[in-house]
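Structure 1 and structure 2 below are the same protein chain in two forms, each given by itself as structure tokens.
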Structure 1
């Protein structure tokens, strides 16, 4: 019965996902038509002839009715055709295929760092409420929350790359070890943004859980303090933690444009900026679509994690 309920829950979330993805395609399709005037004229510049503008408009299908254009756009997406970059003179799908793993790796490293910092700090604060350690844990991360990601990145570059010279200042390297090394500072930048909110959420959840009857009962059975905290208390705070982490990772997807350019990473954020600066509409439209789909998938993953961590979510309670 539980398996069928879980399958039904997953199927329901996937059905919702299909409608959201449809909306995302409508929004990204509309990007091209939000450009004032003729997009072909915008790309070619003010000195282009009427014949050149008309030719590019026909090539892009801009002379056809909007429903026909949208149907063609969706058809191309289903075949993996994201268009051709006028700047790189290469298929956009291939460019995104090379850039996307870099961005995902950076976010993954940031999530690992953020979790590694947040859990011990939240445990320290929640087990000493109102004491100096609690006030310190809440105050120090919040100071970092007020700084924008690019400023945090510059500080990390100044300290670890230019002063201590223990980590590379930029680039992505050419080997797996070099890739990982080049992701440390960007990952720390991501973690600096996610840690304050994650610590706050975990601390509040832990304070509520530690006052619960099941924690008192576990302690009365003679379980050690560490086992009560790690096996019982911390496990029951994972749902809000996953929620906060998912929201922050979705928010940080937009920040990858800045972070990747600070550290010279060849991710989709840098690709998007290149597309904007060079008025490469296919890149801008496709990368925006990828960003939106990543946010949708992150939230889907969070929903499924809720169901795995708390059966009451599956049962709709």
Structure 2
């Protein structure tokens, strides 16, 4: 397990991370100034009085030079202050704290379903290249990528919740069992969004691995074909598959915003959208920031894992 995971690599990667995080805060800070009009009015919402707006402008120094304001913003973030929701009259950090686990749980359920769909499909296609089954599986990404995520949610909702009435149509329930039940349809939707991307890369990687020497060698050693497929080929395919997921993470994660909205799941995506509906600026700004941090951290994890698991170690015997 030596790999490329040297102290130098980790240090370089962390430096890059620090830079990106800094840039991300510049972008979320800039969001306030992108909004036309008085930033204080933006922060307080449309119902605030002129006096309140003037007070906030003074209090937050919204008339000071931008770099000074930015420094203040970063200072607030470092103290864990993500702003205050005008609508809920509550600290945004707390709201996100409640919502984030829901989003993560939905992603986890989605990942489980996604793997359960993609792996058999990819195996089916890669072991029969050029045959009808292969063509059919290759059509999956094409069809799947042409659908908006919320549309898939609609269909599932229509079939399982409204017609068959076997699953809840929305909300999150109040017990762990109810939570899990409410996560099935959103999880399936997440899986439907990830599967096209996963199947495409898994199939290509499997084809490459199946053509490689060591599969032939393993078969020659008398291992059954099924065993070779599962133990060797598939294992070696997970690394490229995971990195493809990491690369597409931004797109996939973005899709979850709308999915939460379709199912009324109280995650950070839903929080973002209610923030937008209520013109609740601090929520929009901080949820955007949290999403970016999520992407950055997951990518860091994937990179470090990739470096640690030197592909050759896995690709070996």
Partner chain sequence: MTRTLAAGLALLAVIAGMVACAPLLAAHNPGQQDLLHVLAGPSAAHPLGTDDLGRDIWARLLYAGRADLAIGFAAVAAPFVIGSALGLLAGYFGGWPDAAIMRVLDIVVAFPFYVLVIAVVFALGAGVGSIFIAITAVGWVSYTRIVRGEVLVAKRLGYVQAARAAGLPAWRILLRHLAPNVLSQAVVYAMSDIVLTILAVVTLGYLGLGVQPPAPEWGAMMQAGEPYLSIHPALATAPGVAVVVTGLALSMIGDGLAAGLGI
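Keep in mind that this is a model prediction, so the values were computed, not measured. Residue numbers count along the first chain shown, from 1. Rigid core (definition): largest C-alpha set, two forms, superposition within 1.5 Å.
| said: If I had to pick the form predicted together with the partner chain out of these two, would it be 1 or 2? | reply: Answer to the question: structure 2 is the form predicted together with the partner chain, whereas structure 1 comes from elsewhere.
| query | For residue 289, is the C-alpha shift between structures 1 and 2 2 Å or more after core superposition? | reply | Shift of 2 Å or more: no.
| message | If I superpose the two forms on their rigid core, does the C-alpha of residue 12 end up displaced by 2 Å or more between structures 1 and 2? | response | Yes, its C-alpha moves 2 Å or more.
| request: Note yes or no: does the Cα of residue 53 move by 2 Å or more between structures 1 and 2 after the core is superposed? | output: Result for residue 53: yes, a 2 Å-plus shift.
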